[in-house]
Structures are given as C-alpha cells and as structure tokens.
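One chain comes next, on its own, written out as structure tokens in the form predicted on its own.
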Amino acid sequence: MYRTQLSNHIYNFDSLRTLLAKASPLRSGDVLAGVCASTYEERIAAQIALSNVPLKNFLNEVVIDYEKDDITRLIIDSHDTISFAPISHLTVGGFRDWLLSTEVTNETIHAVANGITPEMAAAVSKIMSLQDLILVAQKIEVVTKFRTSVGLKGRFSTRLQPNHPNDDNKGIMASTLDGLLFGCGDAVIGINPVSESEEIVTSILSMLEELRLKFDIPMQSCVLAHYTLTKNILDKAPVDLIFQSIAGTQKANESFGVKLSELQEANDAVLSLNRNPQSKQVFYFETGQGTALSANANAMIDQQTCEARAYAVARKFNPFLVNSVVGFIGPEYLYNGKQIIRAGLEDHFCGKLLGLPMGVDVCYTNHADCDQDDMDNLSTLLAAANCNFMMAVPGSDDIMLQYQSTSYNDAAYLRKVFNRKPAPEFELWLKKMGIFNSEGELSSANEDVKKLLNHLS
C-alpha cells in the first residue's frame, strides 16, 4: 500500500502498478483503459507518493506476475546489481535529482543503465517536466554503427521513408532519390510494404542494394516486414536489418506473432550474413504508446509504463535502431498535440536512459486533435534533446500509411537550426556527390547529382 495526504485528504494506492498509472500525466489511452487518476489532485498525490518510493521496490514488486509474463522475467533475470549499486539507495524523487545534477554525465548514466529497470525509468519520467526530460536526454550519447555511425553528438540522422501505396519500385526509387538529394537516409532507408509478400520484399531490397553499390552510398536498407518473413528470404535477398514492432507485455507481443526466443533466432540468422561485422547490430525495432492496450493486452498497466517495458525487449538484442511511432495509433491513445508532445519526449528519455539508440517518428493521424505546428514543436524539442534520428517522408504525408510525419525539409531545418550534421560517413558521401558543399550546406545539382537522378530512368 502506498499513501500520501494532500488537502486534508489521504490518498491510498493499493499497488505499485496502480500508483504508476495514477501518477501518469493525462492521456486518452489511460482513460480508455480505466487506470488513470480520477482528478488532477489525485494525480498530484500519486506523483508525490511515487517520488518517495525507493528504487529497490521495483525489484521486489512487479507490475505483471513473473510466472505469467516473459518480459517481466527478462527484466528481473537480466537486472545488473553491480550497475544498480550507485543508485540503489535512491528514491524515485532522488533519482530525478541525481539525473539532473551537473555531476552526472553521459558516462555516469551509461555506467548504471543496466541497473535501471523500465519501470524505474517510467516512474522517474512521470515526475519530470518537459525541460527535465530534454535536459537529461541530451546528456546521453548512444552510438550504433553499420555503414554509418548514428547517434554521435553534433549529428542528426534520418530514416528515409519512401513508402508507396502499390509497392511500386519506380515510385519508391523516385522518393528515395529525392530524399538523398536533401541529405536524408543516413540512419536507414526503410520501406513499409503494403503486401507481406516474399517476392515484393526481395524485389525492394534488391533494388536498394543495386542503388547502394552503383553509387557507393554508405547506407542501410530495411523493408519493415514481419521478422519471420525476412528470416525466410535471407538466402535470396540482401538483408541489412531485420525489423519488428514490439510491445511491453507477453500477451501483446503474442498478438503480433512475436516470441522472444524467435527474435533471438532471427537476430542470429541475420548476423550470420556478416553484413555488419563491426558492431553486429542488425535489429530495427518500433514501439508506440497504446500498443498493448490496442491489443487488449495491457494488464491494467498505464500505457507509458507498458511502452518502457517494450524497451527491455529491444535492449536484449543490441539493436541498431529503435523508435517510438509516437502518434500513429490514434487519438484513442494520445488525444491531441499536447499528449503527443509529452509522450514523444517521455519515450525518447526512457529509451536513452536504458541505453537504447532512440529515434522518434514525430507523427499524428488525420483524426487526432493535432496539426503540423504541434509536430514542428515536438521535432524541435527532440532535436534539443539530441534525438538520434527522425523520419523523412516526402512532403511529410505518408501516402501509403495515411498519416502525417516529418519531411525532408524538416530534417534540413533541424540540422540548420541546431548546427547538426548527418552521420560522418554519409556526410562525406554527400560532399563527394556535390549534394552538400564544402561547408555542409545543400548545394545545386552537378554532374554526379544528375547521374543519380538519371538512375530512375
């Protein structure tokens, strides 16, 4: 039992799971699930009570039974007590103060990362302001390496997302070349296929591999099909990264057709191709608040804590990329721009705190109470927080998935305003091709650029 007194009223919370839910800032998904605070005063009371909870409690009281959930077992069994020791005496409130202190650096946080459970990360984020979330996240540098190095300080990368409503290779190539001419694609060129067809996925991957080899582009490609499909085509397609959407409960992952043991087998299978020998990072994971609830598999856990638990799955596989598709599931889970902005900063903070190479798909669906001004705000705040990467979608309007995201121009804006460069290997290629000038600015087309454009025909 957890309790606190506020305005001459004693508030009781019967479990850590309930306390986490009641302390969570308001969002429509928690209202839908029936787990949120009933009043703003109850929410503040829960946040006060949560701030006084010792971090050790999260190791002794789980939000889903150990016997019933493989993610709970993963969190508990993989917890590093040595890494946890420097912060083991802290409460949630004390942990917040520790993270914000000037003495705590990137190296300090990395040293304790494996001792932080997802529930600890979610708890501390609930009592932090947006400024707090940005201030701590911008300290943390999580670098991954493939043909490019993503996550370095002073750098900002993008996933070039040239989706097409008919999986048409020519249309995908046109959007890809357009994005490359804006300096996008240094994190990955990633396509969401309309059809879960081995033939189509193989065709898209082969086309992108031909482009990479012809112009010697330091890039990675990925078709975001189910991991089982990708595993089946390893002998006939040039697979750089294997993709999967994941969630924070075993039941939710099972609804996606995801098992932890099979993810390990898929990871090992792609590693055997030896296309990334230097870091052996071959997984690309996507997550999003509301995922478990949308599958009726949230186990009465608030959606932000569920989201943080998904990061335990990602952390197990040392991924190359992870991102929260923050507003994609819809207003039933994040109602408006205010809720989407808060959720995006929370997800980025929690992922980085747990040692993950976090990006965010700054996005919303057309029926949400949100607009592009909100997305401009969130993308700018995430850039201030040193987000590893965001999406680069033609015109910011994904014509296949039918949602709004960030555009090629948004990437150029963020790099200009924050003085950020693409991944170093990609930057060198952009300058060699004349897409960037010697100062790292977008330049006019030269003969090499014209050859790139002519590749479409």
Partner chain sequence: MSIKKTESTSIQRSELKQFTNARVALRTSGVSICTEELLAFKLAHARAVDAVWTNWNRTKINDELKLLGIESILLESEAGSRMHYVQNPQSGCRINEPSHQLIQSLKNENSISIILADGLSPIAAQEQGSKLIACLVEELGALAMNIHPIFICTNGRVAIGDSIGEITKSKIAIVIIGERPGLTTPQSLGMYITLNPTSTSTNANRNCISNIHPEGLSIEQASIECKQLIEKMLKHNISGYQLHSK
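Positions refer to the first chain, counted from 1. Everything numeric in this text was worked out from a predicted model, so none of it was measured.
A second form of this protein, the form predicted together with the partner chain, is not displayed here; the remarks below concern that form.
Distance check, Cys370 to the partner chain in the predicted complex, heavy atom within 4.5 Å: Cys370: contacts the partner chain in the predicted complex.
Contact of Thr365 with the partner chain in the predicted complex (heavy atom, 4.5 Å): It does: once the partner chain is placed as it appears in the predicted complex, Thr365 has a heavy atom within 4.5 Å of it.
4.5 angstroms heavy atom contact with the partner chain in the predicted complex for Ala174: Because a heavy atom of Ala174 falls inside 4.5 Å of the partner chain in the predicted complex, the answer is yes.
Contact label in the predicted complex: Pro218 to the partner chain, heavy atom within 4.5 Å: Residue-level check for Pro218: no, no contact with the partner chain.
The partner chain in the predicted complex: contacting segment from 225-233, 274-282, 239-247, 329-337, heavy atom within 4.5 Å: It is the stretch 329-337.
Candidate from Phe84, Phe182, Phe317, Phe95 lying within 4.5 Å of the partner chain in the predicted complex - any heavy atom: None of the other options qualify; the answer is Phe182.
Listed residue (Asn419, Asn60, Ser38, Gln402) with a non-hydrogen atom within 4.5 angstroms of the partner chain in the predicted complex: Answer to the contact question: Gln402.
Residues from 14-35 in contact with the partner chain (non-hydrogen atom within 4.5 Å) in the predicted complex: Contacts from 14-35: Ser28, Leu32.
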